[in-house]
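Here you'll find one protein chain in two forms, each presented separately as structure tokens under the names structure 1 and structure 2.
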Structure 1
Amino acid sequence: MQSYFIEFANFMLRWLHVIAAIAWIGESIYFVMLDNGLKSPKDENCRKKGVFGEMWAVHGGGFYHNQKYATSPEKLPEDLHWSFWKAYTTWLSGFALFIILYMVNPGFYLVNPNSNWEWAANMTGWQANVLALVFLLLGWVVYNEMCKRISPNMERDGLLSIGVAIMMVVVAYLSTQMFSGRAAFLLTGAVMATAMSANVFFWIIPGQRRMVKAMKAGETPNPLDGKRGKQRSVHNTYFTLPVVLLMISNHYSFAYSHAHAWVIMALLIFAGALIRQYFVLMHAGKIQPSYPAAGVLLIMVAFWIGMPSSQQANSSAETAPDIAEVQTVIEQRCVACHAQAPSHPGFSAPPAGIAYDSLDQMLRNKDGIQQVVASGYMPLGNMTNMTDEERALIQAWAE
């Protein structure tokens, strides 16, 4: 019954997380489109009122006239629309999911027993949980300090962008060395997602509140508040697509279980940022197909790196292994979890809906079994003590 409660909570939290993320990202993309699509107002009265730009749009059978003021409008309304709860809800629900899915069983889901770093491979579950939290916190601290030190007045944002890009490569590498593959992809995305939410909480909303307070008091707002908010919003824009990709990556073991998973991850992060840049420029009336082309090229490089090797298995058998022998290994090492009625207490249903109760089910999932077993990702934490000889046997069977 406990596992059912956990599964149902996971189900509902995932739904909430997706709803909040769609609302936040959708609104963010809309405002970027609006900001980049503004045109100088043609009406002289609008310009006298301080209107910086405007956009006319049609949607849902009606017409909309959006305006952006460069200075304080004549009268600031009380019912201003604020965008922050969507960001907070997305992060909080995502963190709750991380607790339920990973931190409840860290020995299986966080610890990387195949790490090249001995201390990481030998971590206990509670140590992995602490390290994961520290990893998220330090990711925000390092990113925030880079913003404050490299471009404090928003005059060196280009250099800052290069610094953030390098930081994400380092984060991708460290995460794959310290944590299991699936957790590494998730935590790298969580570092960016944490920065996005923290940007809203610590910089964007407080700056906007100070601006509104100054306007209502008849004072001139500090221009740095607007510039800092813009800087962090731009960063959030380019984090968006990579974060979404990394959050859905746990379904694709060929990426996170690869020996060079951190390279694949970095390539996909940059691909997402390049594709996002195309849409940012498109909203400003600039069509630059070189950006999505470069993004697709990086995706193809990631595809090439992750492609399974055609090298023959290192098996002592000179002929194809006996299928009955393979089935015995899978039943002993995999079926405790991957069964319609798992015997492992942590599961009430087979993970990802994949079960190996029969030979037909094993044959249908042959390629997937080979990928996760050969990489060492499965069994999780090698909790069923699969031997190197058994891994070689499954590799030879798959090929």
Structure 2
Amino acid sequence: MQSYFIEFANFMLRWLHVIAAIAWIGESIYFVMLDNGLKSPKDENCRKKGVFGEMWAVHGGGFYHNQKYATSPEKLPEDLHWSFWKAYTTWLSGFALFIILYMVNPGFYLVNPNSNWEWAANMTGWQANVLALVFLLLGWVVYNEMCKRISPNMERDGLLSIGVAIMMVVVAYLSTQMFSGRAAFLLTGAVMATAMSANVFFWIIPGQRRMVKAMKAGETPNPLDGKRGKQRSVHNTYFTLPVVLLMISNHYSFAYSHAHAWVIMALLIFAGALIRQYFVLMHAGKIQPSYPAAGVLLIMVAFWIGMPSSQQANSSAETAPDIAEVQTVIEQRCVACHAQAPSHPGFSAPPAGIAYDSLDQMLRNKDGIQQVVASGYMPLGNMTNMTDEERALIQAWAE
């Protein structure tokens, strides 16, 4: 009953999380497009009112006329549309998912028993949970301090973006050393996603509130609030593509179980940011195909690094193994979880819908077995102590 409840909650929360994220990222992309696509107004009166840019659009059978004011409009209307619930809902539902998917069973999902760092390989579930939370919190603290120290008045944003890029490589590296591959990808995405939501919560929205308050009091708003809001929302734009990629990475064990998973992750993060850059410039009327070309190049490098042959060089059985032997290994190492009625107490149904009760079912899933065993993703957390010889046997059988 408990595992059914968790599965169902997972299903519903994932739905909420994806919808909220689509709404948030969609709006964020829309506003970047709007901002970069503004043209100076044709109408003299508009310019006199303080309109600095405008965009005409047709959508859903109607015509829209957006105008952006350079500073404050003469009179601010009461019913101003604010954007923050989408960001908060995305973060909260994501965090709830992380709790029920990873933190309820940290021994399987967070700990990396094959870590090169002995202390990380031997962490208890609770230690892993605490470490994951500290990792997220520190990610935000370091990013925020970098923004404040490197570019406090938004005049060194170029240097800052290099700093943030280096930070993400370090985050990718540390996460893969400390956590299981899947959790490492997810947590690296979550570091970026937390920075995005915290940018909205701690800087963009409070800054806008101060601006509105000043305008209502007839004062000139502090221009730094506007500039900082822009700085952080520009960062958010470059985070969007990499974050979505890392959030959907959890079935692609060739990437996260690779010995150099952090390199693959870093390449894909940069590829996402470069591809995003193309669209940011495109909205301003500049077509620069070199950005997506560079992004695709990085994706190709990631493809090449992740290629299975480079990590399976050690499977060297000369003769085809006996199928009975393979079946015994799978029964010993996999069937506790992957059965119609799993004997493992954590599962009431076969995980991922995969059961190996019969030889027939095993043969049908040969490719899947080969992939997860080669990458080390299965048995999950190596709970059933599969040996390297057994992995080589499965490999030889699959080939």
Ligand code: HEC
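Definition used throughout: the rigid core is the maximal C-alpha set that superposes within 1.5 Å between two forms. All residue numbers here follow the sequence of structure 1, with the first residue given the number 1. As the structure is a computational prediction, the values presented were derived from the model and not from experiment.
Structure 2, rather than structure 1, originates from the form predicted in complex with heme C (HEC). Put the two forms on the same core and the Cα of Gly368 is off by 2 Å or more between structures 1 and 2.
After superposition on the rigid core, the Cα of Ser358 moves by 2 Å or more between structures 1 and 2. A displacement of 2 angstroms or greater separates the C-alpha positions of Gln340 between structures 1 and 2, with the rigid core held in common.
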